[in-house]
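Read the single chain below, which is given as structure tokens and is the form predicted on its own.
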Amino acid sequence: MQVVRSHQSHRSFSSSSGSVSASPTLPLYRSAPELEVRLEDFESFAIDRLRVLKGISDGLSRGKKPDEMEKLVNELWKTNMRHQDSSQVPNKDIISHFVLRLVYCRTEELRKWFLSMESALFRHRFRNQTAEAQRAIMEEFDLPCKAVSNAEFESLKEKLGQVARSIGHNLSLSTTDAIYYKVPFEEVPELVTGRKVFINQGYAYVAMNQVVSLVATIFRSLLSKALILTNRKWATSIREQEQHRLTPIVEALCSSYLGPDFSQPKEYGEISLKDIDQVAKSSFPLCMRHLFEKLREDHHLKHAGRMQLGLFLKGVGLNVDDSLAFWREEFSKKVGLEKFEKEYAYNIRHNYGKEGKKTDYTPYSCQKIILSTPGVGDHHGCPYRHFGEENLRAALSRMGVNSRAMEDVMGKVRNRDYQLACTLTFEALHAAPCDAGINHPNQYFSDSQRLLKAKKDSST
């Protein structure tokens, strides 16, 4: 894959047999064809696909039903994977997959997540293919299966019908309509475990509408191996060769926040110092509430904590003068006024773009906070990830989370679904759904203020 600057010419994926976009079937991503792609497309295509995968992840974590997931994935794909030139959609599909393969090959945790989400996406897209296209994909995968003959089907029809009925399917009695494949049973562990297939002499008899399980297993296996090989190439050559161009993009993409930057309060304007304690109790997410309470208690936070809380406060509407007054009041109790003005005030003004390069710094996203590594004496980071269970339960209880919701939250924490744990906390405290999920502390605050305002308006 060759990445070029935007001022250079670029062309679509191509191979000796012609353009990839001419292929009517689902891409199998066996290998990246020769191509040139603009640097900005390298990143933007990957971000669009990442929106799809993260949407799938959230839907699965929330336990959405198959029909709900079907609708969700359709909407995610239609919204994010479109292109102003419709003929380029297949190219965008392939480019984005291989860029994210590079992004997510680098650690075992990243590989595991990418593998699960891409496999879920592949399953969905395979099921939406025509029967002819599905058979073409099966042939291209060279699957270890063979079609069941009419004679064999007739001899097993009764037993196949029993299995079909047990899982709520109707078996066609016509040998011309019923399409079955028999495969070594170890190739379809999901179907065997769920008792969804008839097994005879070491073979599982898989109906055409169940073939997705076999195909997805092979896809997942091939992708898993490809990720290991990609990681080796990344570590031994690509990372060093592209350290000034692609490497920063690749290393940042997995923690990219995909929503508004919340650098300025968008909806409710500024908050004042006299309201901040009340607002902290009603609308701060746990990560910020913890930092806020520790600051009030200790009159000091280390640098990472000051950055995390300070930028959040900037995003919720605390202006630079009030911010200086807020931090000055607390820190002067611990370090004295003179030291505060000498060592700390500059950084606060810097966050607001009033010093240095005058950069408008943005509040931290959930992903950035989750990936932080607080040490001894630090209070930043994500409590759902970094707190012990006892401390987390105590913190949630102080917020007002009831016992039933608490168990749901802790279940998501044990599954490492930290953002969904925060979402469930929000829903429990506000008695309202948060379908988009919590992806940013300032989103939590904004959604909370919106609901509280609506509740107040309706009661007056």
Partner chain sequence: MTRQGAYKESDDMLIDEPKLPQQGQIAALPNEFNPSYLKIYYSKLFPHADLYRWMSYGNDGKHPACDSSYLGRREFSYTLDNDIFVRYNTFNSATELENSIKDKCPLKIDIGPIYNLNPAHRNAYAGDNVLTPVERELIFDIDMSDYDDVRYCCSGADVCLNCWPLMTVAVKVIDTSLRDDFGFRHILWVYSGRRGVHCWVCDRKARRLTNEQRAAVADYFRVYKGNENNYKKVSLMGQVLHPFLARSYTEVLKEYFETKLLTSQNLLSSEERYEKILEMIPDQSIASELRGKWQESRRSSSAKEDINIIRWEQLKQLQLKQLLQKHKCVEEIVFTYTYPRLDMEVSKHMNHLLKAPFCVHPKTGMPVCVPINPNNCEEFDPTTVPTLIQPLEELNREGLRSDVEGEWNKTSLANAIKLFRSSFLQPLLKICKEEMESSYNAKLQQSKNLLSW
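Numbering follows the first chain given and starts at 1. By rigid core we mean the largest C-alpha set that fits within 1.5 Å across both forms. Being a predicted model, the structure only gives us computed values, none of them experimental.
What comes next is about the form predicted in complex with the partner chain, which does not appear here.
Here the chain stands alone, but in the model of the complex its contact with the partner chain, taken as any heavy atom within 4.5 Å, falls in 184 to 192 among 101 to 109, 241 to 249, 344 to 352, 184 to 192.
Of the candidates Q84, S166, T373, T236, S166 is the one whose heavy atoms come within 4.5 Å of the partner chain in the model of the complex; the others do not. When the partner chain is considered in the model of the complex, only one residue from N150, S332, Q162, S224 comes within 4.5 Å through any heavy atom, namely Q162. In the model of the complex, the partner chain sits beyond 4.5 Å of every heavy atom of T130. Contact check for F326: no non-hydrogen atom falls within 4.5 Å of the partner chain in the model of the complex. Residue contact check for L337: none of its heavy atoms lie within 4.5 Å of the partner chain in the model of the complex. Taking the partner from elsewhere, I199 is found to have a heavy atom lying within 4.5 Å of the partner chain in the model of the complex. Core-aligned CA deviation for E297 between this form and the one not shown: less than 2 Å. The two forms, fitted on the rigid core, differ between this form and the one not shown by less than 2 Å at the CA of C366.
Put the two forms on the same core and the Cα of Q210 is off by 2 Å or more between this form and the one not shown.
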